[in-house]
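The data below hold one chain only, encoded as structure tokens and taken in the form predicted on its own.
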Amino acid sequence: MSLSALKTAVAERIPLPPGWRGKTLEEQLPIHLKTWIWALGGTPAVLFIVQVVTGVLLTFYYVAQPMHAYESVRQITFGVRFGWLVRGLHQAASQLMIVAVLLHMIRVFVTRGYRRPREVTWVIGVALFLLTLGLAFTGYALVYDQLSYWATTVGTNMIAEVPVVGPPMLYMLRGGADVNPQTLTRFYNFHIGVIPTIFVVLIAGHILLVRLHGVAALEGDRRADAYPFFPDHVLREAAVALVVLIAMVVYVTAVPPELGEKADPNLTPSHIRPEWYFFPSYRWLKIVPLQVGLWTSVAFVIGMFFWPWTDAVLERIVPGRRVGTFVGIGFWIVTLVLLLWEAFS
């Protein structure tokens, strides 16, 4: 069947309004997106779908109770047929999704795709990045081995230091003042219910805004050429996603997921630190006073949300110099340095 015949068959069975169809499938994209490096926007969505599918499979065997959580993970990893593969793909998709979302945000930042009228699109993107970190954090806690248990304890302890909202947030997450049997259940509910639901709503809004506003043209690119969203760009996104999926399967096959010792609340490990995606914050809190570190971290997150308007103010103060871009690059470099510092310390 030819492509034109396929499009006709689909249009006959799904009679979308012509205006809507023209705005989506037949949309013309700026020519700079034809370069492979720009075909990363759909990768986080594909990785999220992988996490949903593998996560549903894991729930068939996982038991969200302190007495049984660790043993259920052990059964999944070493007892269930291909359980190690499903768990490994779930973990790998989680790690790669953080990288993919971050790379997408960096691309939008460098090209200043957040400028008017796309500020809300950027704000939703930042929220999606934070939710991605939340998914990774809550999922890591569910393993319930020594490292995940104590990393969760340390991570939630930092929340208590946040002024005013810290203590009630900590109580809500833990179900008490300290880590207790309810904590695992609450993290499980956040991981499979609350966060994914919010994530789906936001990603739908994000995609809708991208389709309504269109993709921002590359600043300084005077080429008037364009190419169609479907099938050209869709196929590029699919090719990138396929390469990522193959790489994940190869990696998980070569390096199957491991499992540490069972969590022991009475035995603190000699060396505790969070997963790599929290290394910058963890190292920052080591080198500055705790309250200073927390306040600056909160300010950094707020700054990310309001960056489109901050950049607009800087542009008015110093027009044409792209001061905001250099400020942002400076923050990214500091973040990378902190991450590598903690990773190799």
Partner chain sequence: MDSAANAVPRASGSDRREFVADLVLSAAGIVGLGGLATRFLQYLYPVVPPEQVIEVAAGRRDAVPANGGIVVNLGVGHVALVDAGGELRAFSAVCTHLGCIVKAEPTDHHALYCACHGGMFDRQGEVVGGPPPRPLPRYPVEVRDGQVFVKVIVRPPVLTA
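The structure displayed is predicted, hence computed values, not measured ones. Residue numbers count along the first chain shown, from 1.
In what follows, reference is made to the form predicted together with the partner chain, a form of this protein that is not presented.
A.B. asks: Among 263-271, 73-81, 106-114, 238-246, which stretch has residues whose heavy atoms lie within 4.5 Å of the partner chain in the model of the complex?
C.D. replies: Checking each option against the 4.5 Å cut-off leaves 263-271.
A.B. asks: Look up in the model of the complex whether M172 has a non-hydrogen atom within 4.5 angstroms of the partner chain, and give yes or no.
C.D. replies: Taking the distances in the model of the complex, the answer for M172 is yes, it comes within 4.5 Å of the partner chain.
A.B. asks: So, in the model of the complex, is P168 in contact with the partner chain at a 4.5 angstroms heavy atom limit?
C.D. replies: P168: yes, in contact with the partner chain in the model of the complex.
A.B. asks: Hey, in the model of the complex, does A254 get a heavy atom within 4.5 angstroms of the partner chain?
C.D. replies: No, no contact at 4.5 Å.
A.B. asks: So in the model of the complex, does any heavy atom of P181 sit within 4.5 Å of the partner chain?
C.D. replies: Answer yes; at least one heavy atom of P181 falls within 4.5 Å of the partner chain in the model of the complex.
A.B. asks: Though the partner chain is not shown, can you say which of H233, H90, H206, R186 has a heavy atom within 4.5 Å of it in the model of the complex?
C.D. replies: Flagged contact: R186.
A.B. asks: Exactly one of V200, A177, V250, L212 has a non-hydrogen atom within 4.5 Å of the partner chain in the model of the complex; which residue is it?
C.D. replies: The residue from V200, A177, V250, L212 that makes the contact is A177.
A.B. asks: Are there residues in 135-155 with a heavy atom within 4.5 Å of the partner chain in the model of the complex, and which are they, in order?
C.D. replies: Counting only heavy atoms within 4.5 Å of the partner chain in the model of the complex, the contacting residues of 135-155 are W150, T153, V154.
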